[in-house]
Every structure is written in C-alpha cells, then in structure tokens.
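Only one chain is shown below, in structure tokens, and it's the form predicted alone.
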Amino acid sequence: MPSDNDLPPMKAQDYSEVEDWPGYFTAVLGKEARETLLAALDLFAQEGRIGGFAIDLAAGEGRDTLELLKRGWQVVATDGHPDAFSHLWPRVPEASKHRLTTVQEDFAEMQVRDCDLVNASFALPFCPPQHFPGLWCKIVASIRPGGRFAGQFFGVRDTWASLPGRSHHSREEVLRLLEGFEIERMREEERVDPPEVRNPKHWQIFHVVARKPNVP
C-alpha cells in the first residue's frame, strides 16, 4: 500500500470527504465566491435591489460571506465548526463588520431567520438525512416573497451518496423540494475526476438559484 508521501497532495474535496473542516478551510482560503451566489446577487441587482439580509449556511472560511458584505448585504454566517470564523473575521473590512453576525450551530439546531436570501453553497449534502426535512422546511419558510435560495444539491449517482450521514437527491426530488419557487438557474453537473486526483470520484451536482414569488 502506498504511503501518504507517494499519494497526490490532498485537495479540498479530500478534506470534505472525511469532514476534516479545518483542512478544508485552509485548502480553499482565498477562493472566489460560488457561481450560484454570484448569479443570485446579479439577479437581485437586475431588479434594482442592492443589499438585503442574507443567511449564509455553513459559511466555512467565508468566501461567500465576504462577497455579500462587499455588495452591501447584512449577513448572518453560520457554521458548525469554530475554526470557520477564525478564518473569516480577520478578512472582513472594518467598515463592514457591523453588518456581520456569526453563529456556531449545526444543522440539527439551526434557526433560520426571515431573510431575503438563503445561501447554501455545497452545504446541504452534509446535513444528516434525519435532519434534512426539518432544515429544508426552515429554509423555505424563512425566505421572504421575492427572496431567493442559492446553493447545491448532490445527486444520487454521486460517489459520496454511499457515505453515512449525507443527503443526496435525484433530479425529481430536487424539483419537488423547489415546488413553490421560480427556478431561475438549475445546472446539472456530472463528471468523473481524473486519475491523478488522490481519491477520484464521480460527481453529480445540481447548481440552483430559485426565487420565491411575490405575494399577489
């Protein structure tokens, strides 16, 4: 069996697979905001809505939180691991710190406040299945009319669907979860890692931006 020295270096996905979150935070530190968040913010801007109140679920090291603050949003960033905020706060400009609240909480205990945007970049697949229905109901209920959800769901053909404690959904299940929303973006990504990756996997990801209709 090859030693660690013989294997390719660990990447962000390798840390995610084993839920080594401090390693993951370090691996992705400095990366740009996720495409689904950027798309949602651009859609708000097209409506003339600059800023609002956002919940950034499982915010991690804070790439999306920083983008939200940059665009004038008030943000509650949540994460289950305390190391996340030690990476985030030092990178928040002083002029923006009053618009950021950080809350350490896991998916089981999470309270989602009424908001204009719930951002869940690559977060929901790591919610244990027994807690997912309750969490999703909270997310749906919290988004105000005209507000948006941005985030990812992992498919049932994704390699990690076999891991315990993960929530994966078929395309049909994702569409059912989004009933009552106007789906503005839904891109299905399915690919296989190249062999030079340490732990190659089959990915199936649904990238989603969806809007809650205004009340008539």
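Not measured: the values here are computed from a predicted model. The numbering used is simple: start at 1 and walk along the sequence shown.
Below, we refer to the form predicted together with a small molecule, which is not included among the displayed structures.
### Message
If the cut-off is 4.5 angstroms on heavy atoms, which of these, 150, 41, 69, 59, is the one near the small molecule in the model of the complex?
### Response
Looking at the other structure, the residue within range turns out to be 59.
### Message
Going by heavy atom distances of 4.5 angstroms or less, which of 91, 144, 81, 113 would be at the interface with the small molecule in the model of the complex?
### Response
Selected option: 81.
### Message
21, 63 and 126 - do all three of these have some heavy atom no more than 4.5 Å from the small molecule in the model of the complex?
### Response
Looking in the model of the complex, the three residues 21, 63 and 126 all sit within 4.5 Å of the small molecule (heavy atoms).
### Task
Sort through 92 to 100, 136 to 144, 105 to 113, 69 to 77 and report the only stretch with a non-hydrogen atom within 4.5 Å of the small molecule in the model of the complex.
In the other structure, the partner sits against 105 to 113.
### Message
Since only the chain is shown here, I'm wondering whether residue 206 would be in contact with the small molecule in the model of the complex (any heavy atom pair within 4.5 Å).
### Response
Output for residue 206 is no: heavy atoms all beyond 4.5 Å of the small molecule.
### Query
How about residue 169: is it within 4.5 Å of the small molecule in the model of the complex, going by heavy atoms?
So residue 169 does not count as contacting the small molecule.
### Query
Is residue 132 a contact residue for the small molecule in the model of the complex, using a 4.5 Å heavy atom cut-off?
Outside the cut-off, so no.
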